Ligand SMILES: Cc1ncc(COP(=O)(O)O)c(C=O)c1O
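Consider the single chain below, provided in structure tokens and representing the form predicted alone.
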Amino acid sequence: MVQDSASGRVRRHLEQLIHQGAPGDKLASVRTLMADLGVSPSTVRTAVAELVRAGSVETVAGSGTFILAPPTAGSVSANRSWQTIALGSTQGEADLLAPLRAQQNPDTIDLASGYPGPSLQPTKLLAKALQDATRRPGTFGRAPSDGIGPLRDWFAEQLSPSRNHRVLIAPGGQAALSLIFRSIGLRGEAILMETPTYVGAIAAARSAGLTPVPVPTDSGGVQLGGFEAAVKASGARLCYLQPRFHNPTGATLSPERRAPLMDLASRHNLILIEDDWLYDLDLAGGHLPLAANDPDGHVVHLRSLTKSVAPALRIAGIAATGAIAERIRSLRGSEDFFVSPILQETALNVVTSPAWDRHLRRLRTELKERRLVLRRALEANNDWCLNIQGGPLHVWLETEDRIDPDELRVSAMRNGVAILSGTAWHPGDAPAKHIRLSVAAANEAEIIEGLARLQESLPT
């Protein structure tokens, strides 16, 4: 009777959500319902099954539960259960990027986003760059699939004055990662990844049919002994790395490991995918990309402008040489033909403006101050933080074992602060519990208030 009563309570809660929602809306996950209602997974699944039989919702394997439109008079109830069979098994966990894509309530303090908030965006520079772009002949036409020449040249010259790399323009870093993995990866093969690593890279690799193989890291970046052991054990020929300000730990590949890493790539015929996502925010400077000293073409270099400008400027440059560059170019041209010339011209105007360097200096200074506020506040109240790492945009916190990062994220959201759980950021098993806090979207006062709300969200 207790189980039936609990199931009925969950069903009534779901029916209320269905009444408030619209056809196609996704209902709360099993984990969320368990936390909100204090029930077991089987209780939630029983209630959902009853609603499926009633025709109120449908479940899609690996995606979730969705509201169905009520049948109209004389209509035949839809049966889409065949889709689950036709789609087959999912690649890894479903929709790892949902927390990153989530649009925050205006009252929510955003300590999750890595995108610069409005106060950090060069709005005047962007507005003028866009206006000038629309006046340029051909802006409203089509562009070469590789990208417009001057923007490609700018990316290439920034990487190496010799410009010996072929650069392709992609619509943002995430799209570029997906393109690289699908163009040079073979479904079912292994790809080495630092652990932890950027969750978007894990999602893109799995979507491309690749199998992530974790490689250990420390404060000096990827550990070369573990790297070579993983190469030999897995037979991998692909490796995804973030040598500069690794996301999420903030580590930068130490100078003494760079040459041995390139030697390993040469001896084992590896392709290193270098995600240089914070190229523009290098606070210390002096960290050359691996691709800058790569005569044999082992490195595919990726650099995005999104983190240093604004979320809407979805422009990234992919630099490679030889047959690798041609393979990526071939798939790029078959996807959506070209990236919007308006965006490309706007990006070119931004990065070639005299105001570009001034913007970067202001951005670096502001982020440094915000990060200092965040770290000091955490260190002053470290009763639940076991270890604090991180780069210019965020900190990576190891928490006490009693804290479940996924549950803390849900609890924090109820208290009006958005954070990211670190659970999905490991290509293998997570050895410890982590959360990630960002300073990109919140000012100093919001950071202090956000940490207070996060403190209130901790389990007692």
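Since we're looking at a predicted model, the values are computed, not measured. Numbers follow the displayed sequence, beginning with 1.
Just so you know, the form predicted together with this ligand exists too; it's not on screen, but the next bit is about it.
Considering 217, 344, 249, 174, which brings a non-hydrogen atom within 4.5 Å of this ligand in the predicted bound form? Looking at 217, 344, 249, 174 one by one, just 174 meets the 4.5 Å heavy-atom criterion.
Taking this ligand in the predicted bound form as the reference, which of 301, 370, 307, 359 has a non-hydrogen atom within 4.5 Å? None of the other options qualify; the answer is 307.
Would residue 198 count as touching this ligand in the predicted bound form under a 4.5 Å heavy atom rule? Yes.
Decide whether residue 332 counts as a contact residue for this ligand in the predicted bound form under a heavy atom distance cut-off of 4.5 Å. So residue 332 does not count as contacting this ligand.
Decide whether residue 294 counts as a contact residue for this ligand in the predicted bound form under a heavy atom distance cut-off of 4.5 Å. Residue 294: no, not in contact with this ligand in the predicted bound form.
Is residue 314 close enough to touch this ligand in the predicted bound form, meaning at least one heavy atom pair within 4.5 Å? Output for residue 314 is yes: heavy atoms within 4.5 Å of this ligand.
Region of this chain that lies against this ligand in the predicted bound form, out of 150 to 158, 273 to 281, 202 to 210, 227 to 235 [heavy atom, 4.5 Å]: So the stretch in question is 273 to 281.
What are the residues of 232 to 259, in order along the chain, with a heavy atom within 4.5 Å of this ligand in the predicted bound form? Contacts from 232 to 259: 240, 242, 247.
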